[in-house]
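One chain comes next, on its own, written as structure tokens: the form predicted alone.
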Amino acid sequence: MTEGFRERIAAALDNQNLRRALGNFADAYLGARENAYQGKDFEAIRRKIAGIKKGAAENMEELAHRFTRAAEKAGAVVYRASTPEEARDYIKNLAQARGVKSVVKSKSMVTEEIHLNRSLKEAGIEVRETDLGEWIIQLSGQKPSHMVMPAIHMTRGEVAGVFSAETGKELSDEIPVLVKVAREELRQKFLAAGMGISGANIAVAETGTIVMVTNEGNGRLTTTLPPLHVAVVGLDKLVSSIGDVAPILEALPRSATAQHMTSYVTMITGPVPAMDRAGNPVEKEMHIVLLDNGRTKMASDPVFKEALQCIRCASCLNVCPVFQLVGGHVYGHVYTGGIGTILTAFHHGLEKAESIQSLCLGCERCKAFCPAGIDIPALIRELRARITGRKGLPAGSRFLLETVLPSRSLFHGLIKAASAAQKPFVREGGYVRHLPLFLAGLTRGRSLPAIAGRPFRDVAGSLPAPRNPGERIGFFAGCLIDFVYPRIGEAVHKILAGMGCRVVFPPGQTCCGLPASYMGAPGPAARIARQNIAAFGEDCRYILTACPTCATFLKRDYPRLLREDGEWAGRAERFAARVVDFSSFVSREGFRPAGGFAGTRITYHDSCHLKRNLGVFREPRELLAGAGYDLVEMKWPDRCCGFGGSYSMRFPEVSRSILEAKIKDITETGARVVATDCPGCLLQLAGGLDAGGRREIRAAHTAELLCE
């Protein structure tokens, strides 16, 4: 881990003002965004944006040439900068050549990326940020914590303290007062500045136009009042034609701040006419710095070019459960959150992303909300694999992934040994009382279930078969059902047998391989995939699992892992096509619960993988309602529980904090039972309820409840 990384996380979690500010915004954002997209076809919009931006990434060099020709024809000067140093030097030299002493800046993340302010200040040039959030950050000596709302982590009281120190007056924390102070303080800066610097949200190759989307008038003042305007634009902002602007403008405010539209959309083609204080026309200059800094490298990467579809709305930050807890400063660089992790790797170096990529919980919520259709979690997994490929795995992880998991006998033998060793630490109710030594932190804030005395694989063969067996259904248990919750496997078997299915449990099956893949080790994951495919053979009509995380990995990742592996590629495709989750299968095949649970209030927690990757959320609810349960929805049923497999062990304090919010949502429903389709979520929720003294609320798998 990068020096200070763990300390930054701990400090952020201890900062109650930060957590309150981010948490309040996150909850408000979800409802407001939903309202902003009312009547809009979000999927159609993001398909358009993805197509526009994908085409731009594939033709970046051509668009850069077209943009340069069109902008220069309109009277602008265009400079191509390969590195941050080249961009900084060009702007600094231009300012010195024109005798500029003071600069005003509109909000621009790309100038943060190249550390422009510091360079100009070192040259003796005063720089004043004029975006309210950026000015707050500048005065407080901090860095932006969010790509759209740079001061989102600060409370009104903290801002009032910063403004009071700047003005020498004791100011209240009333927002109108603070905004008035900002206007009064910045107005003279606009009038005195010799250079205005802006960024751009879009750059149109067809016309040489830059497009700025802002909520404050400072952007227009910055680009019009000073006699010299410099726009710093990343090559990723290029689009082909003016018609490409509309879909981006349709999504950007809705996804960024949940607004239907922003206050200002400014399109600038060539130098904007300007006047001096006396009202006389002045000769205006416009310079556009087109910045590369890893963007062409990203465009040529067959995997990471997808990241260039980003429109910098930061919706991935707004919905990220980890960002909502720790904020942006934990990430340590300019760009934050999931997409920021990828941008950091290409703009600042792979080593700078080494620690922050591990913050991703893998809940895939960002992917569901991204208006450009970027699969951010998949890109982070690829980033992790490349970092691991360069550095190698730690010895312990290497032994686990390369020796233990691929060896069924060794893996299962160690599990049985752990089952015996745990006995002194197991208390009544089947929970581990505490763990010794360095493992003690794993039971802080969450009780852990004991490993089962008999794994499911030892009882599967003795379970009753249907009287008139029909088609063969292979059952993939996964590690938790096999070794911790065999009762779930028994419930699934009973329900399937009652439906006339002949349930087959191949004993050669092992872990699905997801832990290896998520730790950046595709080689061991591929070996495990081949082992499971061979274990199930080709005889089963379906391969059913009651773990949506396993289902996602078996369906989505096995074909990817083995796509260039000869005959295994075809076998992986056929295997994946037969994988199905429990709830959607029994619902589709006509299972009808017996009922009899009228009056039992229940709530349902959506597993991240079940809803977002498998698209299943209606079926378990209908099954539970059919059984007579009184289903009441919690506030955010698809908010992550914070488990994330090994994540809860690597970042227990983050996992625990996310779990606390989930437990609060469950408790507020008044339900006596919380159901879920995921054994991992069950472990997290049941452990949190037990540790928090909420033992009157039961956590159970949908299959268990239907079987009862």
Partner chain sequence: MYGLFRERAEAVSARVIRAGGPGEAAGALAGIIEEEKVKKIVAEPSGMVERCVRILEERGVLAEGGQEGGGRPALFFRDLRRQAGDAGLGISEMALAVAETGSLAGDCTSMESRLVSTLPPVHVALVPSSGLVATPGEAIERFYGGGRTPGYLSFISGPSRTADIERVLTIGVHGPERLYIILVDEEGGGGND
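Residue numbers count along the first chain shown, from 1. Since this is a predicted model, take the numbers as computed values, not measurements.
Keep in mind that the form predicted in complex with the partner chain is not shown, yet the notes after this line are about it.
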Exercise. Which one, 486-494, 626-634, 601-609, 186-194, holds residues whose non-hydrogen atoms are within 4.5 Å of the partner chain in the model of the complex?
Worked result: 186-194
Exercise. Is there a heavy atom of R80 lying 4.5 Å or less from a heavy atom of the partner chain in the model of the complex?
Worked result: no
Exercise. Counting only non-hydrogen atoms and a 4.5 angstroms cut-off, does P176 reach the partner chain in the model of the complex?
Worked result: yes
Problem set entry | Heavy atom of G461 within 4.5 Å of the partner chain in the model of the complex | no
Problem set entry | Proximity of R220 to the partner chain in the model of the complex, heavy atoms at 4.5 Å | yes
Exercise. Which one, R98, H115, K180, R556, lies within 4.5 Å of the partner chain in the model of the complex by heavy atoms?
Worked result: K180
Exercise. Only one of M267, A577, A378, A534 has a non-hydrogen atom within 4.5 angstroms of the partner chain in the model of the complex; which is it?
Worked result: M267
Problem set entry | Any residue of 191-212 that, in the model of the complex, places a heavy atom within 4.5 Å of the partner chain | L191, T207, T209
